[in-house]
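Before any questions on how it binds or moves, here is one chain, the form predicted on its own, in structure tokens.
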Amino acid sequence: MNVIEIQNLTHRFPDGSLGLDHIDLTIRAGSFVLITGENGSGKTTLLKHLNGLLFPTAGSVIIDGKGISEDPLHARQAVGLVFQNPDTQIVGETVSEDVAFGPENLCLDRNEIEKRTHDVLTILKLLPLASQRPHLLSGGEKRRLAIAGVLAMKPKVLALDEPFSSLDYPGTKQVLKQILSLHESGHTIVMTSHDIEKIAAHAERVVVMKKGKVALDGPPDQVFPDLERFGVRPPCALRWGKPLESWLI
């Protein structure tokens, strides 16, 4: 079953520049899709169409059976988008309050809000920090908090824009571990990254973008050998003729 269906998606920005150019893409529920490409290739613009932050100039985006243009609220509940800079998503005075913000805006009753907040903080190993002020968290903890705030809305799809940007090695491992755990629990994962070294061993499918178009789309072993042609550095293991290994080993 496809949870995302994109047909002939085109997007022009207000200045007339073309951000996306006739994209056709389907994403199966429960899959792990890596979208890569050099800076300016359209990765983030594509993600923003998945939950109605942007709307198509032409074409359609259907999320879980409903078009985003007809029902943007449905798209925003079905697709949780985690931005590259987690500080842009953190609004609460404490970690717990930040996670509760989304469910509160869904007008849920207090017991359900508290249950979702507790459950998500537990899943992402943030419960001991529930009373902490978000600005005191490390980079990896902030990224996990941004993911927690999205998960509290119970989305089917988790869309992450450059989730390892600016993280050190321990922070990257923390975030990667949680993303993989969420995928194992049934979430569809759609992730953008121009530095694929950290996630190469886990992606089931790789989509390469170039100038707003899908240039390559397929299993990692078929796509990775051609990455350099599109401005993306292939995993180092391939250069050395070795198998890909997870950063969690």
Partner chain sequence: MKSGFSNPTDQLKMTVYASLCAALTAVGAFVAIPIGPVPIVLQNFFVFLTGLVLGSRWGLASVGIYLIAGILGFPVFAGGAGGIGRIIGPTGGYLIGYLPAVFIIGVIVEKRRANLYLDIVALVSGSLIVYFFGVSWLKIITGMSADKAIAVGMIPFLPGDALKIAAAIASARVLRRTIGAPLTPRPFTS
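All of these numbers come straight from a predicted model, not from anything done at the bench. Numbering follows the first chain given and starts at 1.
Below, we refer to the form predicted together with its partner chain, which is not included among the displayed structures.
A.B. asks: Looking in the predicted complex, is its partner chain within 4.5 Å of a heavy atom from each of Ser41, Ser69 and Arg76?
C.D. replies: Every residue of the candidate spot has a heavy atom within 4.5 Å of its partner chain in the predicted complex.
A.B. asks: Using heavy atoms and a 4.5 Å limit, would one call Pro14 a contact residue for its partner chain in the predicted complex?
C.D. replies: Output for Pro14 is yes: heavy atoms within 4.5 Å of its partner chain.
A.B. asks: Classify Lys211 as contacting or not contacting its partner chain in the predicted complex by the rule of any non-hydrogen atom within 4.5 angstroms, answering yes or no.
C.D. replies: Because a heavy atom of Lys211 falls inside 4.5 Å of its partner chain in the predicted complex, the answer is yes.
A.B. asks: Residue-level question: is Leu25 within 4.5 Å of its partner chain in the predicted complex, judged on heavy atoms?
C.D. replies: Answer no; every heavy atom of Leu25 is more than 4.5 Å from its partner chain in the predicted complex.
A.B. asks: Does its partner chain get within 4.5 angstroms of any non-hydrogen atom of Leu53 in the predicted complex?
C.D. replies: Output for Leu53 is yes: heavy atoms within 4.5 Å of its partner chain.
A.B. asks: Can you check 45-53, 179-187, 219-227, 196-204 and let me know which stretch has heavy atoms within 4.5 Å of its partner chain in the predicted complex?
C.D. replies: Among the listed stretches, the partner-contacting one is 45-53.
A.B. asks: Determine the residues of 214-249 with a heavy atom within 4.5 Å of its partner chain in the predicted complex and present them in sequence order; the list may be empty.
C.D. replies: Stretch hits: zero.
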